[in-house]
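Take a look at this one chain, the form predicted on its own, written out in structure tokens.
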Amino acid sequence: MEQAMARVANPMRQVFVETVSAAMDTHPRLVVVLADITADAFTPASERHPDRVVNVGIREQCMIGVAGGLALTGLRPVVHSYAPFLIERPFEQIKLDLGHQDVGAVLVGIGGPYDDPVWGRTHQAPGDVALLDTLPGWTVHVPGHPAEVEPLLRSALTGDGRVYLRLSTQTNTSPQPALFGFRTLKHGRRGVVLAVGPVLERVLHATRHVDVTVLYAATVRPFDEAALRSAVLAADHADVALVEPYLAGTSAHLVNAALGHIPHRIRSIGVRRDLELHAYGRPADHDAVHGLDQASITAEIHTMFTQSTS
């Protein structure tokens, strides 16, 4: 890098800033569109490319509309904010200015589902992936380690499609090498557990004494139906536990579609749909309430796979 990057506290967000800032030097189509969030970190890139870093201020609907317009001119917009300001607030613009215009962009979100609970419910978005599921044509990446961010992001930057990269402050201690499709990390006979992004190590710990196959997904859309179906057919029981770091059951409809002709059971573990926490606290506190902490995941896995189903 010719200039020192402004540092940000979130390791995944730091990788995002460094990767995009460096790519702008060699990819003239890239343009960053912001709504104040992380704007300081892009100052060096803005100084090198003053016409390709656009900060619209706190106007998130405008941010997506501008990105749609830039995409129509042939540019590749990279749009960034907290997940609720990136996906929920400007959802109509995502639907119309990107989807209905059939143009691409890379949306990079932070904060979901409750990474920064000190800011309250305004900065939380457990339903972001479920909301995007109502629209066709989106690729969704959920990296589980900062080292997984760069390859996913570089692939998105060089494409033309609509991509959502969901960053988190919760990470695994080690990255995985294969990030597209589902990667088998453990083979077993009793059923299949699908772990998404940063919940992987909690799943591996919960299943260390359970005879199940564990699949890892850092890319959840498109959903790797073939890999899931193959893993289920190789097991003795068509039982699937789906562990996602966002709204529980977000991918349940895709599990059911993949196993449409196979009688199966599914258990969805994620942010509870029947509860909204009226408290600040830490992410770990929210995990415990929603059943995404280590003890809760372990209990759910053991209940599903070690008790008789006959």
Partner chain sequence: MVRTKELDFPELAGLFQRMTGDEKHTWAAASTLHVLWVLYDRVLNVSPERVDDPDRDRFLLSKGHGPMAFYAVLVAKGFLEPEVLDTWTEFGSPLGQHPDRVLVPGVEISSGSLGHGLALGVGIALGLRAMGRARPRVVVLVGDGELDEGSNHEAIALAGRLGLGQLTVAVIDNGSATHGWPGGIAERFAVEGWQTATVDGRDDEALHRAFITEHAGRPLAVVAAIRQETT
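Because the structure is predicted, anything quoted here is derived from the model rather than measured. Residue numbers count along the first chain shown, from 1.
Below: the form predicted together with the partner chain, not depicted.
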query: Option touching the partner chain, based on a heavy atom within 4.5 Å in the model of the complex, out of 176, 93, 213, 172; finding: 93
query: The single option of 238, 185, 234, 72 touching the partner chain in the model of the complex, heavy atom within 4.5 Å; finding: 72
query: Residue 66: touches the partner chain in the model of the complex, heavy atom cutoff 4.5 angstroms; finding: yes
query: Contact test in the model of the complex: residue 208 vs the partner chain, heavy atoms, 4.5 Å; finding: no
query: Contact of residue 267 with the partner chain in the model of the complex (heavy atom, 4.5 Å); finding: no
query: Residue contact check: residue 101 to the partner chain in the model of the complex, 4.5 Å heavy atom; finding: yes
query: Partner-proximal stretch of 52 to 60, 239 to 247, 275 to 283, 37 to 45 relative to the partner chain in the model of the complex, 4.5 angstroms, heavy atom; finding: 52 to 60
